[in-house]
Structures are given as structure tokens and as C-alpha cells.
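Okay, so here's just one chain, in C-alpha cells, the form predicted alone.
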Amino acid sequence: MDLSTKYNGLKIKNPIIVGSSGLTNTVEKNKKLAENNAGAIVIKSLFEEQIMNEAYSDMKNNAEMYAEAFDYITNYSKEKSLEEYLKVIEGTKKAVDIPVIASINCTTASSWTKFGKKIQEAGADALELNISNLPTDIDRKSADYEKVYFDIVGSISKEISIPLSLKLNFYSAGLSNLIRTLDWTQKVKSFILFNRFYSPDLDIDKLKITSSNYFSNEGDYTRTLRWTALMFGNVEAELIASTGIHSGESVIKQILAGANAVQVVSAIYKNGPEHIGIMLKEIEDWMQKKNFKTIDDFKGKLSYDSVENPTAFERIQFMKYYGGIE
């Protein structure tokens, strides 16, 4: 079976990309992932605040409220300098024979974008922008939030020539139009659907805010599946699926919906790098059973434009269950 596909215009040997995480923050870890047949690696993200070498003033003024976030940014910045980040890119490029993607978690188009040149010079094959843009300000319109994407993409594109991928969230009043309009800029080579936010929870015994599960669950892939199927064929850029992908079966589903490749993190945390090989074997076995020789043979085969009843991807009411409709 030929499992090769494209990621940011780069040929990769299979569709399993290890996403930005603690799994990819050292050269040794990345060598281990490559030895276990990862298709590509996304280096653990730098934060915009780290590059700017400052924490937000409101965190300083509200140390108790933002203590965890403030401590993370300041302490992590001390432990992991920008020079060390570049060394991880350089070292990984020398140690592996698969694409190495840098990653920056950002919210504004400030002067941090100039650091993109150093990332490119360090040898990164592409740059992923993880834009964390939660629309919580009641006085800002949807268009104001969406403008941030264009500002950031425009700014960083002036600094680099390597391919650019954009990891989006699903908080947009017109998500499909936003993706298509970003695609029209011709500066984004791939859209990654979707980034996984920190989610709060409540401790009812201690009466305090806590964090919810760090890892995704196997059923979490369905939101991405819907939007991948809806967008396939409507954009020139590649679609990369992320979140809740724990098995070869879920990889197959995302490709059938139209994804070029997938990003996997939680499944590797839970099962180790060896799980990549298990997932690949499941994909190969299925392809052999269905007589598919390449990824392109079945990519998008069950996308919105390819199925008999495409409205199934758009419907959000539970008519089948509430109305008895089969």
C-alpha cells in the first residue's frame, strides 16, 4: 500500500503527523517518533508572549486570578529560551528524515512575527500558526475576531517563504466562509481543523475552577469530520484533521471526508510512539480489504459533494431519534 500524501505541499510517507505537544519538545523524543514511522512532526509550540519576552500586564495586576497562566509563561520562558527552541528544530532536522514543522501559538499580529525568519533559518520545513481566538468580548463583532486571522497571516507571510499552515478553532459565525476567504489569500497551504482549547471545569467540593481532561477521547473526532467533509472541494489548501483521532479507523474516516492527513497527540500520550505503527497497520489492512492502493484512491470519497445525502453533514437536529426518521 502507498500511504504517502501531502502536508503543506510537502510529500510525507504516511498521513499520521505528531501534533505540537510535549511529545515533540526534544530531539531525542522526535527521533523516537520518526523511528516509529511518524509522517511528520510539529515541534511543541512557542507562545507569542515568550517571543515578546513579556507577560500581559493584566496578569501581573491580577496575579491571583491568572496565577497559573502567569507562572507558566514566565517560568517556561526562563527554562526554554528562544535559542533552545531553534536548537530543537536544527537538531531534529539533522536526526530525522521526515518534515519538521515549527509552531507558534498566537493571538495578535505584533512584532513577534519577525522571529519567523529565525525559524526558517533553523531549517523548519513549514510553520504552523495556532491562533487561539476565543470570542468572549461582548462588545466585539464576529468580523473583528476574524480580522485577526488575516492580520497575522499577512504579517508572518512577509517574513517567511516556507509553507504556512493555520490551525483554526470552530468559533466563528461564518466558519466556512472564513476558511474559504483565508484560502483566497493563497498564503495558507493547509488548514488544521481544529485546535484543542484548554477547557475549565468546576470542583463542587472545593468550590473552585479546575481544568477538564487534557486528552481527547475517541469520539471527539466527529466535529472535525463534519467540517472536513463540508470544506473538501471548496478550498485549494489541504485539510488536516485534528482532535480525537486515536485509531487507524478514525484516520480512515477523516481521509474519506477529505483530509490529506491527521494530527495525533492524545493517542500517543496514552499508548506510546509504537501506537503509530498499529494505526498504520489498521489503515493498510483496510485499504487492502477495499482494494485501495493509495490515499488519493479514497480521499474525499464520502465528502459533502460525494455522498447521496449530503444534508446529513449539515443537519444538527436529532430528527432520527426524536422523530423516528431512519
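The structure displayed is predicted, hence computed values, not measured ones. We number the residues from 1 along the sequence you see.
Below, we turn to the form predicted in complex with a small molecule, even though it does not appear here.
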Exercise. Among 213-221, 153-161, 248-256, 88-96, which stretch has residues whose heavy atoms lie within 4.5 Å of the small molecule in the predicted complex?
Worked result: 213-221
Problem set entry | Every residue of 14, 29 and 273 near the small molecule in the predicted complex, heavy atom within 4.5 Å | no
For this session: Mark residue 286 yes when one of its heavy atoms lies within 4.5 Å of a heavy atom of the small molecule in the predicted complex, and no otherwise.
Result: no
Exercise. Using heavy atoms and a 4.5 Å limit, would one call residue 298 a contact residue for the small molecule in the predicted complex?
Worked result: no
For this session: Evaluate residue 113 for contact with the small molecule in the predicted complex, applying a 4.5 angstroms cut-off between non-hydrogen atoms, and reply yes or no.
Result: no
For this session: Indicate whether the small molecule has at least one heavy atom within 4.5 Å of a heavy atom of residue 196 in the predicted complex.
Result: yes
